[in-house]
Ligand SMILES: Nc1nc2c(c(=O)[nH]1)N[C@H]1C(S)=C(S)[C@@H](COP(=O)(O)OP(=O)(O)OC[C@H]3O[C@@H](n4cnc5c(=O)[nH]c(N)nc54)[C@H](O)[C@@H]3O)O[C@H]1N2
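The chain below stands alone, shown as structure tokens; this is the form predicted on its own.
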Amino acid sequence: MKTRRDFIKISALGVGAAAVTAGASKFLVGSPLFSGSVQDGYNKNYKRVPTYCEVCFWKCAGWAYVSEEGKIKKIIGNDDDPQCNGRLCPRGTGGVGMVYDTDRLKTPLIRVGEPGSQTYRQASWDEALTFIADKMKTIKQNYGAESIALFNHGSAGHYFTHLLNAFGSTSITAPSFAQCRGPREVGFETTFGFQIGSPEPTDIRDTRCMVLIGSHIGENMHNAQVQEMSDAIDKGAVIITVDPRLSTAASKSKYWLPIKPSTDIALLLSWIHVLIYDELYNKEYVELQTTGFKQLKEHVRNFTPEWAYGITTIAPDQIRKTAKEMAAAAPAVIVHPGRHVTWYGDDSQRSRAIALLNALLGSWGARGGFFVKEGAGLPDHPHPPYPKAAWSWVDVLNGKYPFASMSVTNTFIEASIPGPENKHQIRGWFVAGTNLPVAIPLKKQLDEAIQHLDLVVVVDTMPTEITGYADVVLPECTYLERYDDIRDAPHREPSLALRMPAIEPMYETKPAWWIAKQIGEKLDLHAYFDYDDYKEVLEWQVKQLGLSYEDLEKTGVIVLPRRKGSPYLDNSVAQHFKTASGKIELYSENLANHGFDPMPVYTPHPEPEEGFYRLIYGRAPMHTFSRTANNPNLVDLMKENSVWVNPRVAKLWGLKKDQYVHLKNQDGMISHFPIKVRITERIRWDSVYMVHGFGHNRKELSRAFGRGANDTEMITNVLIDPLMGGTGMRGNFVTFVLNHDQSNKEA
């Protein structure tokens, strides 16, 4: 059936123009991924340009080395950067592959043709931007500026947020909250009054014990945490990893607890029981800093290790031993909050149970626990006040999710579908730096929403799946070809990191700040973009802090002294927490007043039918979600994912090593591409595991097309967190399809 907005396969017309020389391509694809200082023999005439990485959110500072011919030859870490300590992960050193990927978007594209027979044509920047501005004016006139929304991830989001705010819209959302970290922010804020934020303020370098619950340090490659964990292990720290899979972190742990999936809250409650009833908790800290201890003690009275054993399959003696390890190390102990924590729909309460454990151990504000981070506080460049929006993302919630401190992506998608419950209809989307069809579950809902939009603008560097839904595709240059906001990430000490263009933008690509400014100019918003080059903004901001921009260009990073005292609290005196009581709340009146459990409760989750296995997904150290699957440097390290299968299950199905199978989920969804079988004892028999971000179905991604399977296709059952709207995605089960037509697989 023809639809108003069919998905377009971006043609060679849009992405085939102009390519790098074969010599440059071969050098970059074949070059090693350096992680240390400049190698001996490198041309001393190479120009060194400061940058910080955009391959993941950690944003490690580094140096790009550029040859006399104007080619970026490699990237290394900046020794002065506290977020990387001079060392980059494989993604960071492989970032140069983004620049010289011949599949890059190269010119603006505009959708043309009748529904059902559509394509794109190349357009000039002026034509594309005029088209967008005219559409925005029409939507604003008919429905209000607020009906244009932004979906964003990464550096580009700031510029388009500024554009929409100046236009009159605060309808801004990022998948990182509802699809990733939101529940932990709710769990910790309702306990301590503080959110975790990014990067996490975990004092791993001085910890004596760290507990990881589904947190894959070493595979998610949160750089500084990986380095600090390695140092902590060398100093004798105890690592306890709770995971159905023997992850990299689990393999380095003193204790690996291969928990039955979906039962984590039962284990956490049992640990709390042991700490309280064996009197292992930090009594002085709890008495001085917390409220609600008596209620918590009564609440966990019956949650013994024996009770938890029947649910989690973790033996009682292991539960007691690991609880004692935590207590022995306290307060230099971390029960890690994780990052991707949207699993089963009760995720805010699971994160709250983690927060309660940390509270009982006295780790908040303690050396080796959680430090108090501080940023430099860069001021915003001057601009007029934003116009007041008639409605905001809070109104899009329609009264749901009272503990959502940020916008919820799926509510924006729902608000784009006409319906009686939608008091505020969204009519247009900007999508910057996020590949929604691969990042967002419930693809049918996404497709339906897009059909009702009057405008879809996608800003990206690559022809990802989301670009095929756009009315206009705008090619952003890579992070190595542009200025961006100065990195001001709060840490133990404030620091600034500079990103400068190592080379001029290739092809017809442009930086996001330029794109947003040009659209703003066409919307008569010049006063909000009162600069000619973004470097002017950076110079002004640095000057306001009394620092030298020229010095920042030379060093790439400036570390500043703290203004607010030690990163650790004096826990011998009562501290003030940003809760209603001013204390750490073990019993939450706030949750109770909103009709939620004031303390976490374990509720059983559905089990797979016979022949089905719980789908668990994760990350690999050489890839970031789906955004690097086509990177020529990183594809060399990992070109496809595989499905981990326990030997008992493999024997039952007759599966062989490296055999390709399709996966089918509980709703009958079959993976578009087959996936290679990996038979290993490192996964429980009731589960299978695969790395997220593969199985791309766009042939324009020449290295990623058909490589492995896309786990998002299998996630059709989403468990919504009632506190903040997080999309729990681990309630899906898959089985194996052995004789499915594999003609669509490419070698």
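Counting begins at 1, following the sequence as shown. From a predicted model like this one, the values you see are computed outputs, not experimental measurements.
We do not show the form predicted in complex with the ligand, though everything after this point is about it.
- Stretch 258-266 is the answer when you ask which of 271-279, 258-266, 651-659, 537-545 has residues with heavy atoms within 4.5 Å of the ligand in the predicted bound form.
- In the predicted bound form, the ligand sits within 4.5 Å of a heavy atom belonging to A620.
- In the predicted bound form, the ligand sits within 4.5 Å of a heavy atom of E54.
- Contact check for I616: a heavy atom falls within 4.5 Å of the ligand in the predicted bound form.
- Though the partner is left out of this view, M729 does reach within 4.5 Å of the ligand in the predicted bound form, counting heavy atoms only.
- Checked against the ligand in the predicted bound form, the candidates A308, L586, M98, A415 yield a single residue with a heavy atom inside 4.5 Å, and that residue is M98.
- Here is the short version: of H153, K373, K664, R367, the single residue with a heavy atom within 4.5 Å of the ligand in the predicted bound form is H153.
- Contacts between stretch 290-324 and the ligand, counted in the predicted bound form as any heavy atom lying within 4.5 Å, involve no residue at all.
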